[in-house]
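Next up is one chain by itself, shown in structure tokens, the form predicted alone.
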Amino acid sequence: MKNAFRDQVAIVTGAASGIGRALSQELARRGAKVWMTDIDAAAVERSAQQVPRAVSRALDVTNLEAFRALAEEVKRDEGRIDYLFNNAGIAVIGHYHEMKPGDFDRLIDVNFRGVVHGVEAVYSIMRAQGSGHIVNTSSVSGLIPAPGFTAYSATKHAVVGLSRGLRLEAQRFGVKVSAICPGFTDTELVSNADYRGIDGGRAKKSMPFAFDTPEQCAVQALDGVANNVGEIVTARHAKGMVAAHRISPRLLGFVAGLGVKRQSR
């Protein structure tokens, strides 16, 4: 499936930085035409200048009508939409009792409702085409318990649930659905996260493994998409966590509990 992306049309949200920018760069390297979108118009335009044939657009994924308009523009200009990478996300990280009023609303609006809006914007187009692939960025914390990440993890579990159900529904229309579940990745999302009751820098230093780069994540993710993998876990440490949870949830829970104590201020 090395040529899965050649001459294909892809939309990537949250493409100004991090995994979204890396996905856009790797898609272009594999021959795709990429529409890079982000709420930060200036930043995504700068990033798009480094990606061959890329088009940049400002997009707030919490605005359904804006997402629909973007999808219609792509279809009008390109004739079709082959891939949607629902990648935009935010992080508010902390223990449940430390969360502020409105934190859940923000996380749900961007991390989950933003994905729903993306599906709503492209699904009818892809069904009419009889083809297309929707790729939703979740997280390893969308597959396993993640104490200290409870609110964030809840939205990422929701993305996995949506992706699993839609994958089965969409296949009869010729539409594919996958969820990317990255492990810890060294992105702006991590460094710019809102932390509640956790020292972010201390927590990162205490990790017993190195974070992946966005570029490493993008290569693994696109290899999985090309092979139509339903849930694509990136990073060796994340694959180990998922395997451990399947074998012994209690053991993983015990280890995670020790991590919570190290993270706390």
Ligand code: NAI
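The first residue of the sequence shown is number 1, and the count goes up from there. Quick caveat: nothing in here was measured; it's all calculated off a predicted structure.
The same protein has a further form, the form predicted together with this ligand, not shown here; the description that follows concerns it.
Not displayed here, this ligand is approached by K156 to within 4.5 Å at the level of heavy atoms in the predicted bound form. Residue contact check for V61: one or more of its heavy atoms lie within 4.5 Å of this ligand in the predicted bound form.
Heavy atoms of L166 never reach within 4.5 Å of this ligand in the predicted bound form, leaving it off the interface. Within 4.5 Å of any heavy atom of this ligand in the predicted bound form lies no heavy atom of F112.
Heavy atoms within 4.5 Å of this ligand in the predicted bound form belong, among the stretches 72-80, 167-175, 136-144, 118-126, to residues of 136-144. No member of the trio A4, D7 and G132 reaches this ligand in the predicted bound form with any non-hydrogen atom inside 4.5 Å. Of the residues in 64-92, those that come within 4.5 Å of this ligand in the predicted bound form through at least one heavy atom are, in sequence order, N87, A88, G89, I90.
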